[in-house]
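Coming up is one lone chain in structure tokens, specifically the form predicted on its own.
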Amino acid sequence: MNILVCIKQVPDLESTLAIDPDAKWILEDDTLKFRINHFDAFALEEAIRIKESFPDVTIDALSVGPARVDDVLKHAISVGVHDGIHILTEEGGYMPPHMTATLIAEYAASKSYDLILAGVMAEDDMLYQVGPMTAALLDIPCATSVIKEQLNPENRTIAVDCEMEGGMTEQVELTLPALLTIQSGINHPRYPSLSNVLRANSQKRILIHTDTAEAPGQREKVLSLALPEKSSKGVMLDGTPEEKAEMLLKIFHEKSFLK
């Protein structure tokens, strides 16, 4: 059985974020740090657990982005992935979900993956689209926000529990090949082992060059990006409780909260 895990490199939220001069994305300078997308770490761990439960399972990790993305693929290998596939783009910046999904699907279509896993969403743009779009392009079934799965290799099926609103869950069974987007909390991602760290440092990644200017899937673009406006400051009321109550009522009337 062959498993593909789609992972993304995102800015570290502990870094100071600034908007680039063109107001199209965040400014990527020497002070900005990157790491693996939080949700993708759970997908990565789930793939490794499947590998530990069933024999003859191989896992590939794939990421789309500039040269710095190699770091997250190295991390994937250091926790147990067999190979890392890097779809290399010319530069960083915002990449629309449909373009990312198209590049992933073009690669996966030429392989024999039985199962594709991805995080439920990306931390930087907070979208839930790459996984389902990839499944649609590959014409395979998809389940999202998966919190539990049970693989049946003999019947070529996988049963999953999907998280829904209001604390409800949905149980579905998919025929392989299939794609799952994994919800956080399904497992506890492991730390890299020393032997796998050494392997990751020496093992070359599979590099695929692409020109995003000519790549299909460009259906939207960022018009502008801005930091949230600062909210108005609070007002401190002085005086006796009765005076404060009168001032508060006056403010409520002025703001049309009371009539």
Partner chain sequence: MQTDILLIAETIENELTPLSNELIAFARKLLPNKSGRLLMVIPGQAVQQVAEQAAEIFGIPVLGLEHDGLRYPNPPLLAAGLQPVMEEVSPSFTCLLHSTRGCQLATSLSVKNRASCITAIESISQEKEQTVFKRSLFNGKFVMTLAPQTAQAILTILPGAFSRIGNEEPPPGSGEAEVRKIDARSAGFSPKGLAEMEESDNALEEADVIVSAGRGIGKQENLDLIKNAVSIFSNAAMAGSRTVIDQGWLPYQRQVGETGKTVSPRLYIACGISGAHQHVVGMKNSQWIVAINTDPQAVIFSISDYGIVEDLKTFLPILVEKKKKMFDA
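All values derive from a computational prediction rather than experimental measurement. What we label the rigid core is the largest C-alpha set whose atoms superpose within 1.5 Å from one form to the other. Residue numbers count along the first chain shown, from 1.
Quick note: we don't show the form predicted in complex with its partner chain, though the next part is all about it.
S.K.: Which residue, Ile77, Leu103, Ile85, Met133, has a heavy atom that falls within 4.5 Å of its partner chain in the predicted complex?
M.R.: Exactly one listed residue reaches within 4.5 Å, namely Met133.
S.K.: Out of the stretches listed (199-207, 64-72, 219-227, 48-56), which one is close to its partner chain in the predicted complex, meaning heavy atoms within 4.5 Å?
M.R.: Partner-contacting stretch among the options: 219-227.
S.K.: I'd like to know whether Leu115 contacts its partner chain in the predicted complex, with contact meaning heavy atoms within 4.5 angstroms.
M.R.: Output for Leu115 is no: heavy atoms all beyond 4.5 Å of its partner chain.
S.K.: Looking at the partner-bound form in the predicted complex, is Glu154 within 4.5 Å of its partner chain by any heavy atom?
M.R.: Although its partner chain is absent here, Glu154 would stay clear of it in the predicted complex, with no heavy atoms inside 4.5 Å.
S.K.: Taking heavy atoms and a 4.5 Å cut-off, does Tyr128 contact its partner chain in the predicted complex?
M.R.: Close contact exists here: in the predicted complex, Tyr128 approaches its partner chain to within 4.5 Å, heavy atoms only.
S.K.: Using the partner position in the predicted complex, report whether Glu149 sits within 4.5 Å of its partner chain, counting heavy atoms only.
M.R.: Residue-level check for Glu149: no, no contact with its partner chain.
S.K.: Could you run down 10-24 and flag each residue that has a heavy atom within 4.5 Å of its partner chain in the predicted complex?
M.R.: Counting only heavy atoms within 4.5 Å of its partner chain in the predicted complex, the contacting residues of 10-24 are Pro11, Leu13, Glu14, Ser15, Thr16, Leu17, Ala18, Ile19, Lys24.
S.K.: Using the core for the fit, does the CA position of Lys24 change by 2 Å or more between the shown form and the other one?
M.R.: Comparing forms between the shown form and the other one, the Lys24 CA shifts below 2 Å.
S.K.: Taking the rigid core as reference, does the Cα of Asp12 move 2 Å or more between the shown form and the other one?
M.R.: Comparing forms between the shown form and the other one, the Asp12 CA shifts below 2 Å.
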